[in-house]
Every structure is written in structure tokens, then in C-alpha cells.
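Next up: just one chain, as C-alpha cells, the form predicted alone.
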Amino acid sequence: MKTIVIGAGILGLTAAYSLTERGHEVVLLEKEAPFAGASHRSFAWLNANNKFPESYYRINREGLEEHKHLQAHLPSDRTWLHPSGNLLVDFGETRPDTYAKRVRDADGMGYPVETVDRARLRELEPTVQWPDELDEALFYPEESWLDNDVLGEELLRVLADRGVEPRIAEVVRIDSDESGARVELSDGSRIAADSVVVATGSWSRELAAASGMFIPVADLAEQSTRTHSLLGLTKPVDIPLQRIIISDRVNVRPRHDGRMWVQVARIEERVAEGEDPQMLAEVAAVMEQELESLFGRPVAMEKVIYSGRSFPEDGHSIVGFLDEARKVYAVVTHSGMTLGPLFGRLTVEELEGRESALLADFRPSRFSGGAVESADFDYFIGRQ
């Protein structure tokens, strides 16, 4: 089987990798550069935390397991998966209610969570200046953080070893029939294959519309917390943070190069101002204040990234065939870092004719009526 994969972010690369694992021919097309979109601008917290409904929780939980399989079996000596767990902290007066609800929800799903006291907090992250009034937090031991840039590099290296190099080209239209699928490029040329995988993130709406298909992804022109986020990257520091910290004040996690990724949820609404240098400088200052409060020492920001999201209109993944001939397959989701390896494997299985029950609630066919109810992006601790 020959498959054209459009998009060289985490979803496109894992799909291409899974296809080559099973001996299929792959043509990989990318409009800009590999990992140029949301995949390189990601907090990359791998989790199934507070994810509803149950079917969405289930695929995210499976996604965590698939990452372990990929780390163990991808031919590489490098490590990108760090299953060190996540500390969820409410520093405010709502702490008892926050913890009670999160534990209740996790227990209802069978998702591991522990309530840890102050002494245990100090053991887990001794470099953090935990305030005296903080008596406990929640620890999610199965959650991980991902060096997404390392994973991207390794997927590209393995694909190159298998003869698959990304071709920089813009696809402007896709068509299909019982004989196969074809893509038309911006230079007017065409490529034919047995199937096409659309893994183009926020660009999926436009490409599908030009092809007479429908992928309802939030429009980046919206400039809201549904479509954009503010992600900070510190300068290298000698703070030996080991785990993800998710809180009502600041989200922070380590990186392989001594830097840390940072988010401050209360200032996310400033994305509505657009990518303004003054706004980004002010956000960096707030991030530095929060980090100094957390670690008891100054931590300088290197940059703040105004990052676009791939956010399906109803908030949930869109995975499955778009056309009657079942030759054009879409893979679009918000939780791409968690779900990438799982969706890569399921994509090739479904292209080979084995339908996955895991994906039953996430088919593009749910939008067949045309009207789509837009999901809100309300704040809660840990919302990405």
C-alpha cells in the first residue's frame, strides 16, 4: 500500500512511522518544515487527567501506554519519555474542594492518584519552596513529560533510514474514488496513492474545504484561548526539577537541555491581543515572578511563544475516513502529544481494514448534519 501523509508534526510522523513499520510505502508532504507547527510549541504533558467523557479518557490512557511501547521499540539510543509523574497543586482557599473533586473523578475512571502530605512533597521536589500553609497536593504517578523535539528528531531519523524524507510542498486539494486517492500541489503537480492521511492540525479545515470535505477545527483567526496559548521557555538553569507541576499559579516542567517550559493560566486570555511584543514581554515578567515565588530564586525567561492550537470545534479528536471511498483519513486532535503514537498505530490498522472500537466516538461522521456545537475552553487547574 502506498500512502501519502500530509503533515510532518507529531501525528503525521507517527503515522508515517507506523506505516513503514508494517512495510508500506510512504510519501511525506509538509507545507513548511517538520515539526514547524504546534508540535514544537507544546508543553508536552502526557496525561489522561480530568478528560471526559469516558471514551476520551480511555484513548488518552491508551496513549500513555503507547508512548512506553514507542520508547522501548523505536530503534534509538536516546530518551524522550520521562514518566516521573505530575504534582497537581491548588495554592488557594479552594484546595479542599479541588482535591476532593479530582480524586473522586480519577477514582471513578480508575486513574491512579495519591494525596501527598507536605513531607512527601518535599521528598518529591525538594527544590520547590512549598509555602507553609500548603498541607497537601495530588500526585499522579503515571503521567509523563515528553522531550518532543528529541522524539521528532528520532522519528525523522528512522524514517530517513527507511527511505522516507519529508518533501516540502503545499497540498491544495485531495480527491478520491474506489481506485485510490490523489493530492494536487500548489505547483499544479499531482501525486497518486492508495490512500491519504490528513495530519495538518489547524490547517485541516481549509484543506478539507478545498477538497469538498469537512473537518471542523477552530479557526486560528479567532485568536482566543481555544485557538492560541502563551508558552514560556526559560534560559538554562541549575534547578533539578524532576516532575511536572500543575497548579492554579503556574505550570512548569523540565527539559533535556536545562531549560523549563512554563505556563500561567490566568494570563492566557491575553492571546486575544495578538502576537504583540509588548504583551509577550509583560507575560514573560509575570512568568518570572511566578517562578521566583515557586523556587525562591530568580529564573530568567528566554522567550514567550504565541502558539496556535489544533482544537477541534467540539473539543474532541477527529479520527477516521472523510470520503465515501474510504481512501482519505483524518487525524486531528488537541491532545496530540499524548495521542500521537496511539493514533499513528490505529491509523495504519484502519487503513488496512481493521476498525478500532476505541475511535467509535471520534469519527468525522458525527458532523454529517453540518452543524457543530463549539466547545468552550473554560479554565480549570491543568487545562492546557
Ligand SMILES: Cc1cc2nc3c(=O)[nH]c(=O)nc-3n(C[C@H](O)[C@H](O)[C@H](O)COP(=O)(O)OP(=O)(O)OC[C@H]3O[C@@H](n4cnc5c(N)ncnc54)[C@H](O)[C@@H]3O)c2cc1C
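No experiment lies behind these values; they were computed from the predicted model shown. In case it trips you up, residue 1 is the first one in the sequence shown, and so on.
A second form of this protein, the form predicted together with the named molecule, is not displayed here; the remarks below concern that form.
Contact with the named molecule in the predicted complex, defined as a heavy atom within 4.5 Å, holds for exactly one of 348, 328, 44, 342, namely 44. Between the named molecule and the residues 114, 292, 275, 170, the one pair within 4.5 Å by heavy atoms in the predicted complex involves 170. Judged by heavy atoms within 4.5 Å of the named molecule in the predicted complex, the contact stretch among the candidates 114-122, 157-165, 100-108, 309-317 is 309-317. Not displayed here, the named molecule is kept clear of residue 358 by more than 4.5 Å at the level of heavy atoms in the predicted complex.
Contact annotation for residue 195: none of its heavy atoms lies within 4.5 Å of the named molecule in the predicted complex. The closest non-hydrogen atom of residue 338 lies within 4.5 Å of the named molecule in the predicted complex. In the predicted complex, residue 32 approaches the named molecule with a heavy atom inside 4.5 Å. If you check the named molecule in the predicted complex, you find no heavy atom from any of 55, 87 and 138 within 4.5 Å. Shown here without the named molecule, the chain has 199, 200, 201, 203, 207 in 188-209 lying with a heavy atom within 4.5 Å of that partner in the predicted complex.
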